[in-house]
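What follows is one chain in structure tokens, specifically the form predicted alone.
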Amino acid sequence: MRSSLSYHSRQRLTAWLMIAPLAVGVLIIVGWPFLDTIWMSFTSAQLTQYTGDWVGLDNYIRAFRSPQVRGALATTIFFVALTVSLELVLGVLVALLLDQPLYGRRFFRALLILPWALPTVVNAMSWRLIYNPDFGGLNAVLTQIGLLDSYQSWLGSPATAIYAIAVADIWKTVPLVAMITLAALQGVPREQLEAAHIDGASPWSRFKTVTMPAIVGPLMVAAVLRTIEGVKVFDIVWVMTRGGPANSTKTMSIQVYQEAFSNFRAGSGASQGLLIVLVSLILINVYVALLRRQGAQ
């Protein structure tokens, strides 16, 4: 027993020694800038003057009182709720379709990855051309089939801009959710599906009782990844609208960018950036709680 414990101790020590260089690298590259950002959020540091006076919680208090920050936070949460929910639903539907014995299934599976592999900036520019109010393809199609009487400015109206960006984001990231779900579907017990089918269970019942429990874990992973990306979304919004019109698409990342690099208030920008981290942590903890609850069932 003593030699066995000694062997396992040596194994653990060897494992720690092997990952130590990576851990040190991560602490230096990620940990130190993060701690420095926390420190800066309590100061009046300027972009042109790194050192600033200690102001305590003043930056956070001003952030919570700021209508611009509250508006950006509300827009971010709405964008995340809209895109992540639709991406999960559509991703599961696409995965279920491609899991069927269809003709050309391998071709469509390979084709599925293309939107996700497309760079975000290229995707945003492409959709910006599609939404163009003068010669955009969307206006042309909708007017030709009679759904519109005249061309609309999809990105120029506060009522439609956020939804137009959401469509572009969903089009790009549904393939990621579908691929994760499709990989999880390979582990669904076929015998249980066949037994449920023989017993007369409906397709929805088979999905709910057999398929869903097998894919809920990977789906939660996809939800966490997409939530993190959604909370800190910047590039697609910046390319398509730069946060306009009338700040209707300004997310927290754009708010932080403008505060720190346009207004030169680095300390205030750091405090607002940490709010993004806080929102991400809250949402991730909600997902983890739901996953544990599902596992307990």
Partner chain sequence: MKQPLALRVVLHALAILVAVIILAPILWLLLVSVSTTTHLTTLPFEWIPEKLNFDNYAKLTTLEPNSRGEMFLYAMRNTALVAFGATAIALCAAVPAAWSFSRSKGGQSNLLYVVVATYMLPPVALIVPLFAFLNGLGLLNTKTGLMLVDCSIVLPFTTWLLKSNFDNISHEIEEAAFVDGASMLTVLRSVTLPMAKPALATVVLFSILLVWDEFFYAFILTNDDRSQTLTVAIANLASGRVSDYGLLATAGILTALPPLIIGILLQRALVSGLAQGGVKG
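Residue numbers count along the first chain shown, from 1. In this text, rigid core is short for the largest set of C-alphas that superpose within 1.5 Å between two forms. Treat the numbers as computed from the prediction; the structure is a model and nothing was measured.
Just so it is clear, the following notes concern the form predicted in complex with the partner chain, a form of the same protein that is not shown.
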Practice problem: Check whether W54 has any heavy atom within 4.5 Å of a heavy atom of the partner chain in the predicted bound form, and answer yes or no. | Solution: no
Exercise. Using a 4.5 Å heavy atom cut-off, state whether W204 contacts the partner chain in the predicted bound form.
Key: no
Self-check item: Contact test in the predicted bound form: A15 vs the partner chain, heavy atoms, 4.5 Å
Solution: yes
Quiz prompt | the partner chain contact in the predicted bound form: V286, any heavy atom under 4.5 Å | solution = no
Quiz item: Of these, L111, M212, L148, A81, which has a heavy atom no more than 4.5 Å from the partner chain in the predicted bound form?
Solution: L111
Quiz item: Looking at the partner chain in the predicted bound form, which residues in 101 to 125 have at least one heavy atom within 4.5 Å of it?
Solution: P101, L102, Y103, F108, R109, A110, L111, L112, I113, L114, P115, W116, A117, L118, P119, T120, V121, V122, M125
Quiz item: Against the rigid core, is the Cα displacement of T14 between the shown form and the other one at least 2 Å?
Solution: yes
Quiz prompt | Per-residue C-alpha change between the shown form and the other one, L27, threshold 2 Å, rigid core fit | solution = yes
